[in-house]
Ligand code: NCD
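Given as structure tokens, the chain that follows is alone and in the form predicted alone.
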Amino acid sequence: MANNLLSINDLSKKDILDLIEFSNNFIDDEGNFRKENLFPDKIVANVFCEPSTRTKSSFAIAANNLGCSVLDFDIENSSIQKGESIFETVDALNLMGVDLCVLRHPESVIRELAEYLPKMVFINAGEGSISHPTQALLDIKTIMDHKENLDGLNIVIVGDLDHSRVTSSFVEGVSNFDLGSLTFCGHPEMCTKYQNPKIGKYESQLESALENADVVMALRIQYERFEKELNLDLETYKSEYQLSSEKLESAKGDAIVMHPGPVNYIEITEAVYDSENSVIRQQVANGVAIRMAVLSRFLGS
């Protein structure tokens, strides 16, 4: 395993399965997270240059549960606001003794940073619309919690795929497995990169995409990443692409419904979110266990 987790492609299939199995050790029989004082001498810095609730909080909780000191780096009140580059900022943290940097950034800078500061460990917590490796790991763990194995599963991803780092990392991760099928679905203007995918197929009609699905992942519309205004009527969008109980009837009865959050009920209905098929709240919890496993592996190597 490499010294950093910059992309899910840095991990082999065995690495992915080992990390998921390792993460199970951090949840007890009651579903609580174990607190293990494994790294009392390590400092983890959370450097988030974009908003985050789930990823940022779960990394902080994971690091605290492992006994690390956690630096919650406040971008709004940092020298980045005075024009300092991310390289100078992270170098300053490195000089102060930070061991591991969890970085979310709107641009792809993490590989350059890792080369620039080889003594520091870097974990990618979201890179523009390119990648989000720990999200892919927790998504694969959530599927395995319910389906045991990914081989043979029919997986559907619906929503704003072009702007989704969740999709790109998830596809990289699941390409290690022998899926039954992988179907991309969504408004054609939001799925331009997925019309002729390297792996899987594109289907513009949601009901057709959902036929026989074992796993359905819905994604929000990422207005903040659009360069031009979307010519989008929300009611039309919802009637065609919102995951409702009626549309979900096309999928298998035991299909699981996933969503990386935040959910804004445009891409799925509240009834689906609250349904027995929904594992969305479990994904949030799995985020802590996966990030405890990732931090342990990379701090310990």
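Numbering starts at 1 and follows the sequence shown. Here the structure is a predicted model, which is why all the values come from computation and not from measurement.
What comes next is about the form predicted together with ligand NCD, which is not displayed.
Enquirer: Quick one: which of 73-81, 90-98, 158-166, 199-207 gets within 4.5 Å of ligand NCD in the predicted complex, going by heavy atoms?
Expert: Flagged stretch: 158-166.
Enquirer: Taking 4.5 Å between heavy atoms as the contact cutoff, choose which of Thr183, Gln135, Asn124, Thr142 touches ligand NCD in the predicted complex.
Expert: Contact check passes for Gln135.
Enquirer: Work out which of Arg220, Lys147, His187, Lys193 lies within 4.5 Å of ligand NCD in the predicted complex, going by heavy atoms.
Expert: Among Arg220, Lys147, His187, Lys193, a heavy atom within 4.5 Å of ligand NCD in the predicted complex occurs only for Arg220.
Enquirer: Please run the contact check for Gly67 against ligand NCD in the predicted complex: heavy atoms, 4.5 angstroms, yes or no?
Expert: The answer is no: Gly67 has no heavy atom within 4.5 Å of ligand NCD.
Enquirer: Considering non-hydrogen atoms and a 4.5 Å limit, does ligand NCD approach Lys238 in the predicted complex?
Expert: Heavy-atom contact with ligand NCD at 4.5 Å: absent for Lys238.
Enquirer: Would Arg54 count as a contact of ligand NCD in the predicted complex, using a 4.5 angstroms cut-off between non-hydrogen atoms?
Expert: Looking in the predicted complex, residue contacts with ligand NCD include Arg54, since a heavy atom lies within 4.5 Å.
Enquirer: Are there residues in 101-127 with a heavy atom within 4.5 Å of ligand NCD in the predicted complex, and which are they, in order?
Expert: Residue within 4.5 Å: Arg104, and no other.
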